[in-house]
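In structure tokens, one chain follows: the form predicted alone.
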Amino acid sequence: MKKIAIGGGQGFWGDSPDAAIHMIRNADIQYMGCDYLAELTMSIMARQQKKDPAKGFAPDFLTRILKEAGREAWQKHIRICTNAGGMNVEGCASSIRDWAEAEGMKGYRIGYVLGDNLSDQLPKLLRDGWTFPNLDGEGDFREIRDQIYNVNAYIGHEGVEGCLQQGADVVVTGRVADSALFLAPLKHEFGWAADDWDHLARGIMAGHLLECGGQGSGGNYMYDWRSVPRMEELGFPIAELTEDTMEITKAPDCGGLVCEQSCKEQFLYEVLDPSNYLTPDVNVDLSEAEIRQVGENRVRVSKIRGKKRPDTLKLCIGYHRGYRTVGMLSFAWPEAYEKAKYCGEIIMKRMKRLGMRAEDVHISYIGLNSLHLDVADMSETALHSLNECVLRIAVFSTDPAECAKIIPEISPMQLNGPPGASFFGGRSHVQEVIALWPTVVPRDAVKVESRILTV
């Protein structure tokens, strides 16, 4: 019975390359998917490309994975699919070609997928009456129209599959949905029909279990993180599929843990409705799925069902929202919180005297409520038992000059405020705020192209 094994090589831009390299060298896989993109990553890349047209993609894929183990992957016929192309897919593909030529890898085929960037189509879509409704129900799109950095649709597996059909050894994309990087090889290998929703759903969930790298094999593991062996050598998950089965495992001789609980955590990650998990390729019903241990570091996943894919595609628009400044001061026991709170009050009184006009000011205390916000334990016992507390003041404004007013007021509090203060995190500076406008776009507005470069 035919079996295809795919490894999850990266979970985000900046992830460690160690597990991917180890997998190429030690695991019996035919494919690897490397995910580099989060929602705002595209905006960051767009800003980079605006400053330097040669940038706009994740160079880590080339410098940290291909240069270390790319030749070996090619020799072992391990084909790699990645969305490292970001906002500059062609630039990324060209860089890979230059590397392969320098390595003498004649015949190496680089596939690349275009079509997710809809910046040029935006005026036509607006003329046609598309209003780009905010999925969070916030704002009017016309208010941000002139502040946009990027407009990218979450496209599906088709472009990647098209490159694989043309013999690509590596496929580079822009904003392809994470799990589609893994579905494409499976559909290509097994020959699934475009409307075989149950098989497509299995392929998507295989990708979903791999797309976050180490998070699917014991990293960020809430259930029992102490039980994860050799986390300093964390291996990333591998999906092995036949026509009828799907199992999750990992490479030999590495750390990490693949068990029912670790897979369940990743299985439900970012799934809003388990009976309707919407992706560009299929609407997945995982409400009756079964996950069970069938061996050491081996879990079988079954009873995944699929339904017709949605008529629209998710569209992420990154835009300039304004500016922010964040300042911090640390305070030591005793009365750490009381001193930090009083210091914040002093600073805000000085800001009032300076006439600072800010749209939002957020004050929190690291070590107390900066993460838990309104549900933090603010009891008398909790406040008096703090060994230390960091005052954090964040100012947001559409005017950078207003944000800058608070910067010279932070460091003087070391001597001009409550006792025990010390400068924390370095001098503040004004930063641009890039915001996300989540919306949808008609599927037929997106035209996907699969292209090949040959060394």
Partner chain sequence: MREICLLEIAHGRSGDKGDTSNVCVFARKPEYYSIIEREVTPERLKEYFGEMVKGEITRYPLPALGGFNFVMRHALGGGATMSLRLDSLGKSMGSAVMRMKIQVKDGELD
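All figures in this text were calculated on a predicted structure; none of them were measured in a lab. Residue numbers count along the first chain shown, from 1.
Although not depicted, the form predicted together with the partner chain is the subject of the following passage.
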Select from the listed residues M348, C254, I144, V361 the one whose heavy atoms reach within 4.5 Å of the partner chain in the predicted complex.
V361
The one residue among R97, R321, R71, H199 placing a heavy atom within 4.5 Å of the partner chain in the predicted complex is R321
The partner chain isn't shown here, but in the predicted complex, which of 185 to 193, 216 to 224, 231 to 239, 101 to 109 has heavy atoms within 4.5 Å of it?
216 to 224
Contact check in the predicted complex: K314, I366 and A435 versus the partner chain, with a cutoff of 4.5 Å between any heavy atoms. Do all three pass?
yes
Using a 4.5 angstroms cut-off on non-hydrogen atoms, would P133 count as touching the partner chain in the predicted complex?
no
Taking heavy atoms and a 4.5 Å cut-off, does G167 contact the partner chain in the predicted complex?
no
So, in the predicted complex, is L354 in contact with the partner chain at a 4.5 angstroms heavy atom limit?
no
Does at least one non-hydrogen atom of K307 fall within 4.5 angstroms of the partner chain in the predicted complex?
no
What residues of 359 to 374, in sequence order, lie within 4.5 Å of the partner chain in the predicted complex by heavy atom?
D360, V361, H362, I366, S370, L371, H372, L373, D374
